[in-house]
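This document opens with one chain alone, in structure tokens, the form predicted on its own.
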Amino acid sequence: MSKIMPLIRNETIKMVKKKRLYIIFIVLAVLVPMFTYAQMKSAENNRDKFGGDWRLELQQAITDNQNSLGSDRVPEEYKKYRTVYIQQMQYYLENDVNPEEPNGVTFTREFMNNAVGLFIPLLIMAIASDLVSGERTTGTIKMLLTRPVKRWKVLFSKLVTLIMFVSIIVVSAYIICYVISGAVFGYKGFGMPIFTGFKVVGTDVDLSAVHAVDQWLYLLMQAGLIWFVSVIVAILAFMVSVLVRSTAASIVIMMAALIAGTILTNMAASWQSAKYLFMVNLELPDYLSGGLPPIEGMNLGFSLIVLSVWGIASLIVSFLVFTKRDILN
């Protein structure tokens, strides 16, 4: 441990000096106000249209979705999503709870829910994809490996540093979202009830286990799932960084995989084997809100196991390759 701590400190200094780390925060600071503004305009339009009556607004959304179910132009997969959405919104309406009450906490919850599938993984990938390949490109890996320290300790220090900064990015995303959106919508909303426990069976929603939790607790559960997804994506990008020499190739491989996952999530409902791909299992918070899984048979436990297997396998490959392969040439 005494030899690892200086290595972690060294890796932390290198990470802090990287410009792309600050670019991540700048991207968040630029994009979140844009999404906040779009949400504010949408809220203003709905307020003008429905006179500030959220029940009327929610009922209209339910009616619009019900009407779309009879249209031949709407694909069957979208009809399934809308059928589940209708049943959930009716439950909110019957229990007199506004699921989209405008405030900084609700905006943060919705933003992070939508960001976990692609946006957050892309930010994580930006710092993870060159952790080893970047040093091989610049040649600094040779200087690092000539020290009297075992290779696995060198790689382990990089992994620990990576997980530390992944945690910082996830927490920062929550803070930036809440601070910026709260300035527009207000900082209240932590005690607002959110329903969880919806169980989707086919296109029916089982309401027997549904219960309300305070939004702050829901946010904590969501943050835990997003952190887990971020760590798995970071470990996968870390493995690719060990396997390929070029940083550009490492970034392209991970970006292609993540974008493919977004496409497959929307198109692979009939391809059962796709549920074992890591990128189809990234949207874990959807299980909290009771969303329809991308492929029938998937649930929170299944996705956690699949992601864990991918993460463990990636770590094994990374350490085997880094300690056995001739990295110096």
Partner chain sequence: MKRKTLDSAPWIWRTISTVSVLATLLLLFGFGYAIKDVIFPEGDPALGTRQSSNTPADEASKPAAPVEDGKIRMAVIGDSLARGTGDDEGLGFVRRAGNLLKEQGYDVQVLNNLGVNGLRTEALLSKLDEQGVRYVLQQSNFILLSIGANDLFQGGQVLQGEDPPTAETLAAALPETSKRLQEILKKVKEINPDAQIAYIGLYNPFGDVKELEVPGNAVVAAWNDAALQILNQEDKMTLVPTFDLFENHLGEYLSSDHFHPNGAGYEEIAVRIAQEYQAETPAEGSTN
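Numbering follows the first chain given and starts at 1. Since this is a predicted model, take the numbers as computed values, not measurements.
What comes next is about the form predicted in complex with the partner chain, which does not appear here.
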Query raised in the report: Using a 4.5 Å heavy atom cut-off, which stretch among 139 to 147, 191 to 199, 235 to 243, 249 to 257 contacts the partner chain in the model of the complex?
Result: 191 to 199
Query raised in the report: Non-hydrogen atoms within 4.5 angstroms of the partner chain in the model of the complex: do 98, 271 and 310 all have one?
Result: no
Query raised in the report: residue 35 near the partner chain in the model of the complex, any heavy atom under 4.5 Å?
Result: no
Query raised in the report: Any chance residue 183 has a heavy atom within 4.5 Å of the partner chain in the model of the complex?
Result: no
Requested in this report: Look up in the model of the complex whether residue 20 has a non-hydrogen atom within 4.5 angstroms of the partner chain, and give yes or no.
Outcome: no
Query raised in the report: Any of the heavy atoms of residue 204 lying within 4.5 Å of the partner chain in the model of the complex?
Result: no
Query raised in the report: Which residue among 123, 170, 154, 115 has a heavy atom within 4.5 angstroms of the partner chain in the model of the complex?
Result: 170
Query raised in the report: What are the residues of 86 to 124, in order along the chain, with a heavy atom within 4.5 Å of the partner chain in the model of the complex?
Result: 90, 91, 93, 94, 95, 96
